[in-house]
Each structure stands twice: as structure tokens, then as C-alpha cells.
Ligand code: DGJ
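One chain follows as C-alpha cells, the form predicted on its own.
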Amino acid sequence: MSSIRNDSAARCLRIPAFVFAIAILCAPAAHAQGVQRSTAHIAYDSTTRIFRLDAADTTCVFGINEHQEIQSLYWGARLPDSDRFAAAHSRPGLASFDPPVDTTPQEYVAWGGGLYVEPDLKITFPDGNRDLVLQYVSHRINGNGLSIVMKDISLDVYVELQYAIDPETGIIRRSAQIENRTSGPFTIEQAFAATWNLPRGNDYRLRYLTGRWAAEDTVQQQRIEPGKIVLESRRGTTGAQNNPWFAVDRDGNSDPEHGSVWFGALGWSGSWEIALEQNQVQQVRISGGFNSFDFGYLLAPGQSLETPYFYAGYTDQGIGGASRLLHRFEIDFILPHAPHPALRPVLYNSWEATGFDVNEAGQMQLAEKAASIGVERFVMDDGWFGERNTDHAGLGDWFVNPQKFPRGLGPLIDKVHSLGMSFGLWVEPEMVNPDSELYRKHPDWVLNFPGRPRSEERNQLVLNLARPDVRAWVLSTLDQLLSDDKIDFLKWDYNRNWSEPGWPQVPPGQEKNVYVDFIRNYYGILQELRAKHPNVEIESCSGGGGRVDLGVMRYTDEVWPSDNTDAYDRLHIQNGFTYAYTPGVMMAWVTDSPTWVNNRTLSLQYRFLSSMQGSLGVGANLNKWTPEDFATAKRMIEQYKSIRETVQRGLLYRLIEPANGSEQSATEYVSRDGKQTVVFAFLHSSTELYPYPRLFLRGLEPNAQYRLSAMDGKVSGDTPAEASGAWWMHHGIDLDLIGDFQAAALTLERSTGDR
């Protein structure tokens, strides 16, 4: 299934959405014991010309109206099969200022015919015409997939709308393929994947994620008012400033586990845009795809352009339920090797210990120390290649530095493997230092405008991966690296955004294709590397969380949320991250204290418990650890391995969020089979003798019995060792947490006789 899914994202292979749906339909059984996979159903009523998509707890309905438009009718909680919808009819306009094309909610609408709301598609033709009116032509249903073909009223411009619905979560994947069957080229100035229409109303609230380097994934919320809200990145890649995720609920709904939530995310790692608009009739529209800023894709006759995927779903289980649905969808259908992606190994990274000063002997010593505490993967970071002694030189010269590793990497890799660990390596293949052999040989390979300055950030420039020769060089270089040595893992970094995004080698009018072709080639390289080296795993990193999205996650096994590894700050960052992405891919390192971020001193236990809420790694300088540190780390890594599957694959409940000045934070993870529950609790500072708030667990079976164990920290003395799920959820647990920067971790194991 994963090969079909991955191929569909490559620009050169235009596999319709229904192929994805067949893959879903044929997927193996769910992880939960005794649970059969849900079914989805797509139906078309030829009498009313209504399409209906049903899966899990969701129903989505749209129809063909009298103007041959695809009109949205319903998207929300699942309706009984007996409910029927009347034929779609366009809605009346408002006087002469807002014609029906603006007041009628459409699934996909082009700019033309008096459209004033945000269009999904805008094209300029060679003769100056910019009017485009799309009408229904045909459709095809195949399993859980639907394809609808639309065409302009006179020009041979075709758009294929693609839908695929996941039976387990009800999440719908949408995209559009734009085809030029005219006799000349035209320029696509805006291309979105889809528009999602919510029920008319004026009481909606938007949640989204903002941030910057070292402060990613802050949860924001605001009312949706008349007008438009734009979430975006214009940076060439995803960007930490906004993440391509949204969630909308009813304003005033503060219960995280109840209430209607519509949520979605773009699967695109380039410049992106999500526009939320409330129009003149209080219709809320959510559109997304390529960012329209500086966009202009020249499409020649016979060519087609496929938009990014836009995923969206609905739940009545609040924002917590929305997160859990996305987590499950990502694990079961997005990640490589889905629906059974491997659990993330405990990782050690040598950066903080050595910086650029890496060598064979020093890395071997660190590897021995890492293995002694139970680490499963050893990663050597920056500094191993070319003349890479600082960040001023060497990027692009991906050959082993002979002074640092006179025998090559082989002896170090063999040593790491002999210690029972896999070996990983840091790379940044899309970048180049001007002080490098590669740049001196190929100065034309970078993004640039002729005759203009080439802006450097972190002393580096961006290679133009849209160029076929650059793509071929990056692929062959990494392929050679993986073929020469037994490398198990690549930490693929990306440490700056675009500037001067020129492509002077292509004909005039085609330069802006770089925004699409660069990212398509990036995906293609990842896809080909995985095919040739199927056992190699890859992490997406971009100066922290600058490239985290459902596009890159189709090709990478884990992501790096932030360079900020302060364990207290990470509570905030990780909380926001998990609104959109599963903890199973969220790398979280234990680093030295105090950190460079805040000069805050935190205990090793606290740092471990903070990181154990995701995929655990260690990045501290082991050369400075005491025997007590090694003993603590070994114990806590053993604990983590006993709960790893629950944390990485289970259901997440936010018991107390680290937001709005809260002194406390608490998370709960319930395994998919319900047998194990893990609780983490954190206290910033206790004040005025107030006790830690009682924790009321969620997601347990009320009549089942659960045995409580405290991994770290203490529970109140009158807490029973075993009680029913109802007890833990309604009576709750009291923790003895007092002081500054304290933490605790608990497990509950369901009795073997309970199901």
C-alpha cells in the first residue's frame, strides 16, 4: 500500500485518488484486538445528482446544481442512510453586488463570472483572457475514491477533482489536477486543492499554530469574523511561523473532549496558503493549496499540474478527538510503512558533545557511553565532511574529511553496530556554502536572480533543486553515501529559507515553476532513496520545526519539532505540535542543563520525563555526566521502552494544558488495545500551600480494573493500588508534587481478564 501512496505524490505519476482509496480498502486489520476495520461508502443518486460520502462518524454531501456547479450541501456528523437530500440549487445573490456564484457554496470554483470570494483556480491565457467558469462533465466512483471531471464553458481547460475517504477516521483527502488541452500555454496564478464549506453561522472559532525558531507550535485562537484570515508560508518551504493545520469549532466551546470540530492539514512542504473566509451570507469557506504570492505556473499544451493534498475531517469529540483522529490517520496511512511503521528507537546525537570537532576516537567513546544506558541509535551530526570545521565552509562537499576520519566512516559504523546500535548521519543536501568545492564548480546551481545579490543565511545558499541536474546530483550523492557505508539513518536538515527564488536557465514565463518543481523533486529524491535503500530511515529537520507537514511525513519516519530542548519550554512546544501531529514522530531530546535557551537548571529526571512524551532521544554531552547521571538515564530509558508503544501509538488526552500561565501540565496516553495507560504530570512552581490539581483520567473502560504504578514521583497515600476505570476517571488521582520544576509519571495496567 505504501508504494501506491508514495507514488501518487510524485509529479511525474498522476495516479487518481481512487487508487489511494483502493489501498485503504485493502489495508490490514486495525491494531486494536478484536476490532474489524470500518467501511466507507460513496454513492451517487442519478435522480437528484447528489454525491454522498460516509465513513466512520462523518458524512459529506454535495451535488450538481442547475448551473453544473459542484455545490456543497453538508459536512458533519454521520447521518442515517435513510436521510435523503434534495437536488442542489444555487442560492440567490444579494442585489447586484453579490451574484449567486458568490453566495452558493462550491466545492471548487474558478475566478470568472463575477466571483469575488477566494477562487480555487485562477488562470491567465495568452490573449489576456482571465475568465474561467468550470462545469461538471463526468465522474467515476471506485471503492472509497471519487473523481469528478470539470471543464471550462468554452476553453479546453479540464480540472479533475479527486476525493479519497478513510474508513477508520472519516478523514477526506482532496486534490485537483489541472490539465491544459488548449493549443497554447497558459499561466496558473492560483491553484488550491479544495474548498471546505461549513454550515452557515457567525459563532465559529479558529485554532492554528504559530511560532518562530526556538518557539514553534504555539496554539492560537480567534473568532472567525466577516472577511478573510490567511495562514501561510511564503518562504519556499513550510516554515515555523505558521503550520499548515487548522481546527474550527463553535466559539465558547471550552470542553476539549466534546463539541463539533472541523479540522484539516495541507500535505505540502513548499510555500502554502490556507484562507478562511466568512462571506456576506455568513458562509465560512476554507480553501488551501499553493501560496498565490509570486506564483505563476506555466502549463504547456498537453501538460497537467496536480495540487497538493488537502486533508480534512470532522468530529463531535472536541479538539482532543480531532487530534486523536489525525494521529491515527498519520500512523495508519501517511507515514512510510503504514499501517505498521516501526517504533522510534531511543537515539543519541553527538552535536552538543562535540559540535564540529568530530573524529573517529571521540565518536567511538561517545558511542560506548550511549550504548551503556540503553541507546539504540547513534547519530553523528555536523562536521564529518569536506572542510567542515565551522558553518562557514564545506556544505555541498559530501565526502568524508580525511583528517578527522583517515580510515573513512567504516570503522566507526562497525563499532556502533558492534555495540548493538544502528548508525545515523547528519546531512543538509539542499544547501551549499560559497566556500566549497561544489559552489566553486557550479555557482549557477543556486537560486538566484542574475545581476542581483545572493543573500546568505547561516553562511549558505539554497541549491535550486528544481533543476534536473541538481536533482540528479543530490540523488546520486546521497545514494553513493548510503551505498558505500552501512548507514541506517539520515538526519536531513534544512537551515534557511529561500531568497532570490530565480531560475534563469528556463525560458521567460517559466521561472516561477520553481515553487512547485523544487518540492516535487525533493519528494522524488526521498522516494527514490527509500526505494533503493528500504531499510534506511530519515528524519525531517529544518532548524527545528521549519518543515513539518503531511507532505514530508509521507517520506520521513520522524520530524524534529524545535532546536529548543529546554525541557520546560518543550512542554509548550510539544503540546502545540500534538494538536496536528502524532507524538510517534515527535523527536524529543534530553540535553544538558542549564540549556543555552534560558539558562534554566532542571533535574535529569524532569528532562527525561518531558522527552518521554514523544520519541525519546539523548543529546547531552555524556563526557560530562557523573556515574549517578548514567544510572538515572539507564533506569529511565528502561522505563521508556516499557511504555514506548503506548506513547508513540496510543490515544493522547490532554489533562492539563501548559497554556495561559498554567503552573501545571499533564498528559495521558492510552494504548490502542486499552491494556496500558501512561500519565505524565509536571509542576512549574507550587505556591501558597496549594496542592497539585486532581487528575481525572479519560479513555478508560469504566468497568475494567486497572493497577496503578508510580514510575517516578508519588501519589497520595490513600490512593488505591487497583480500582475501576470509573474510579480513575471520576474520582481521580492526587499527586504529591511540590516545589519547583517537579515531574511524575504513572502507569495503569488493565487486568488481564478485562476487555
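The structure presented is a predicted model; accordingly, all values stated were derived computationally and were not measured. All residue numbers are counted from 1 along the displayed sequence.
The form predicted in complex with the ligand exists for this protein as well; it is not shown, and the discussion that follows is about that form.
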Does any heavy atom of residue 541 come within 4.5 Å of a heavy atom of the ligand in the predicted complex?
yes
Though only this chain appears here, would residue 382 touch the ligand in the predicted complex if you measure heavy atom gaps against 4.5 Å?
yes
I'd like to know whether residue 495 contacts the ligand in the predicted complex, with contact meaning heavy atoms within 4.5 angstroms.
yes
Can you tell me if residue 491 lies within 4.5 angstroms of the ligand in the predicted complex, counting non-hydrogen atoms only?
yes
Which pick from 85, 351, 158, 74 sits with a heavy atom within 4.5 Å of the ligand in the predicted complex?
351
Identify, from the list 369, 520, 458, 675, the residue with a heavy atom within 4.5 Å of the ligand in the predicted complex.
458
Please determine, with the chain shown alone, which of 559 to 567, 302 to 310, 318 to 326, 407 to 415 has non-hydrogen atoms within 4.5 Å of the ligand in the predicted complex.
559 to 567
Need the contact residues for 578 to 615: heavy atom within 4.5 Å of the ligand in the predicted complex, sequence order, or none if there are none.
589
